[in-house]
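The chain below stands alone and is given in structure tokens; this is the form predicted alone.
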């Protein structure tokens, strides 16, 4: 069996990927960072299909996390940071849900979340670190004792042990590993053999994928095996890590995908203004999520003019001269 036929068996639609892999109450990791490479096409599909009670685990996410929370898909969230850069230094629906008590929430530092996914990818139950000592992160827990008894929730935020290799007493914090049920990743390239190549910063995406039970990769372009074998050090994930592939050009819009397109400032501004009001946010969902039946229809709604404006310049990776106000 050739590599091409192998990926063909796992190359499915957005609806099929969500229906076959994601389920109510699952622990879900989403890749990307703030307004970069969020798996938005999958996220819109999750919302349209009415998936509920998600336990979301993220490194530092933005648009994808915020709209999932705002749409009522998320019961519980563990994250380091949630923001859309200049458009929302703290994500609006996320903040509203925390302030009103509608979201079970616990925070770690950026480095701590990266370490937790790393521990999961290494199949170890916890990982030692010195980061966090002396901060309130070590003292304040977000989850109740009742939540702590649930599956996929650590029995405590941290543990502390004495360094067994030191003659002097030295306290070392331990972080619980994360092993999500599903990880969602958006990439630039997938080879015919299923190899995934992410260009630019990978953030915690690779550790999330390796730590998860199931992985869905959406991507911009399917490339020949001869291409993916060039510069093999640039490849990110082997095919055996991935359970489903979905080809989705502009699958991160309105967030950016390095070398393909920039983030969409007009849409992020629109989202910010509508997300600030409960009723207008429901209007946004009605127009941009529930009101479109496919990703192709969504792109037609965005419009060719905007898609051309955010198109990345070759060799630079982003859109120079884009009005980002």
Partner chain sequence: MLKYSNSEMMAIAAGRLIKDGDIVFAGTGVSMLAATVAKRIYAPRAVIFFETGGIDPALDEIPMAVADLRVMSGTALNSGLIEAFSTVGHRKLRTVAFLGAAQVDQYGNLNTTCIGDYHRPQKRFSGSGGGNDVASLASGGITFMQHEKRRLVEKLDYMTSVGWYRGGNSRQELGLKRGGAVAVVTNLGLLHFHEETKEIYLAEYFPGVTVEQVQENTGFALDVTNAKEAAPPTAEELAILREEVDPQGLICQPPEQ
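Numbering follows the first chain given and starts at 1. These numbers come from a predicted model, not from an experiment.
FYI, the form predicted in complex with its partner chain isn't displayed, but the following is about it.
Peer 1: Give a yes/no on whether residue 224 approaches its partner chain to within 4.5 Å in the model of the complex, heavy atoms considered.
Peer 2: Heavy-atom contact with its partner chain at 4.5 Å: absent for residue 224.
Peer 1: Do residue 262 and its partner chain come within 4.5 Å of each other in the model of the complex, heavy atoms counted?
Peer 2: Residue 262: contacts its partner chain in the model of the complex.
Peer 1: Is residue 123 part of the interface with its partner chain in the model of the complex - any heavy atom within 4.5 Å?
Peer 2: Within the cut-off, so yes.
Peer 1: Is residue 218 near its partner chain? Define near as a heavy atom within 4.5 Å, in the model of the complex.
Peer 2: No.
Peer 1: Could you spot which one of 187, 248, 71, 212 gets a heavy atom to within 4.5 Å of its partner chain in the model of the complex?
Peer 2: Only one option qualifies, and that one is 212.
Peer 1: Heavy atoms within 4.5 Å of its partner chain in the model of the complex is the criterion; list the residues of 53-87 that meet it.
Peer 2: Going through 53-87 in order - heavy atoms within 4.5 Å of its partner chain in the model of the complex - the hits are 59, 60, 80, 81, 82, 85, 86, 87.
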